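Only one chain is shown below, in structure tokens, and it's the form predicted alone.
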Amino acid sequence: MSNRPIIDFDHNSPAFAADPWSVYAYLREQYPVAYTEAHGGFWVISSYADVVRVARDDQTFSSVPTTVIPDSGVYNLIPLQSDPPDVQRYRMALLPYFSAAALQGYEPQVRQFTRECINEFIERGSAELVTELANPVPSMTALKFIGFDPQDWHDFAGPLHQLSFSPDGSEGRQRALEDIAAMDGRITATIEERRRQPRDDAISDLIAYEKDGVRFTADEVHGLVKMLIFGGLDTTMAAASNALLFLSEHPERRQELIERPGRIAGAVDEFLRFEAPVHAFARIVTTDTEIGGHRIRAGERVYMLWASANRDPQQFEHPDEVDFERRPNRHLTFGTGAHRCLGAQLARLELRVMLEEILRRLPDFRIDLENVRQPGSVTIIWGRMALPATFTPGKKE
């Protein structure tokens, strides 16, 4: 097995965020398995086949204690930061919230939230599509079934948004961590309140959940609720922002979806492949192993580049093009294996409904490209921070 190839790779840097796609292409072609000394050192895995292999081997590649590089300082995200057999135990408790029946019940609520948000700005002919639509809709949807007041969405989405787009060591990152600590306190207080007075929500259900005579500990309930919040808010916002920017930049593709709304569902999956809202997750090696002819030792970290795998020409024909009818489309945006995202179908539903309503009510929206706030790093989330747009004013519904 060869010596480790050292590359200059730091996804936390502004230079990388300015054009991650060319970096990924270079890595896949020249260094599909390589090592960077950034952030204490870690292996970078960029090809589809290798990413799948790592993601599906939970014995060799552990998700404990964290799955991000650099360490975000946020812990107890269950089941993300868990290994088998705990992963399966936690997922069983969460499955009912993402079943086909649950999704059918969520759609009217998602559409209502989307229409209410559009009503707030449609008459003025302008909007900031992230803070006024892409952020509140998935946030309110998640908070409602979890058990928090949907109108408090900014109290939760604000800190997560700040964390997602703040580079390691920045003042913004520190403020976000302080706000998330306060959010932890709010979660704890709400759990205690539900113990005394249960309601028809996920928090109450998780407190009462029992399997083989065993219930979740207080820390486990907290971690499960926290993960529902983290997974349900910022990621879908980022995916929506990426899709909206593409449709504004390519009006002929937008018109295609307006004329053929049946293609929107396929377009959603293609947007998720083309610009993954979460670019990568990390694993810690538990025992010496080998990937791509390189020996990786126990205790080292590997970084699975979902976004690079999604552009791998060995898996996708013309990967740098957007094809609304791409079949098959086995992208890795939701991961694979035991940790595959439970909320994948809910995210697809939210994105589809938001696009349907936007294309119906704001068909000529145009984003001010000079004032789009692009991500300054790719520490956790890849999405646009602000999308100022104008359109022909319409009426409230």
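Heads up: residue numbers just count along the shown sequence, starting at 1. All values derive from a computational prediction rather than experimental measurement.
Omitted from view is the form predicted in complex with protoporphyrin IX containing FE, to which the following refers.
- Contact with protoporphyrin IX containing FE in the model of the complex, defined as a heavy atom within 4.5 Å, holds for exactly one of Ala176, Ile191, Leu94, Val285, namely Leu94.
- Residue-level contacts in the model of the complex: of Tyr303, Trp306, Phe121, Phe246, one residue has a heavy atom within 4.5 Å of protoporphyrin IX containing FE, and it is Trp306.
- Candidate site formed by Met227, Thr236 and Cys341: every one of these residues places a non-hydrogen atom within 4.5 angstroms of protoporphyrin IX containing FE in the model of the complex.
- Interface membership of Pro159, defined by any non-hydrogen atom within 4.5 Å of protoporphyrin IX containing FE in the model of the complex, is ruled out.
- Proximity of Val54 to protoporphyrin IX containing FE in the model of the complex: non-hydrogen atoms within 4.5 Å are absent; the residue sits far from the partner.
- By the criterion of a heavy atom within 4.5 Å, Ser46 is excluded from the residues contacting protoporphyrin IX containing FE in the model of the complex.
- In the model of the complex, protoporphyrin IX containing FE stays beyond 4.5 Å of every heavy atom belonging to Thr36.
- Note that among 168 to 176, 227 to 235, 204 to 212, 314 to 322, the stretch whose heavy atoms approach protoporphyrin IX containing FE to within 4.5 Å in the model of the complex is 227 to 235.
- Shown here without protoporphyrin IX containing FE, the chain has Pro79, Leu80, Val87, Arg91, Leu94, Phe98 in 78 to 103 lying with a heavy atom within 4.5 Å of that partner in the model of the complex.
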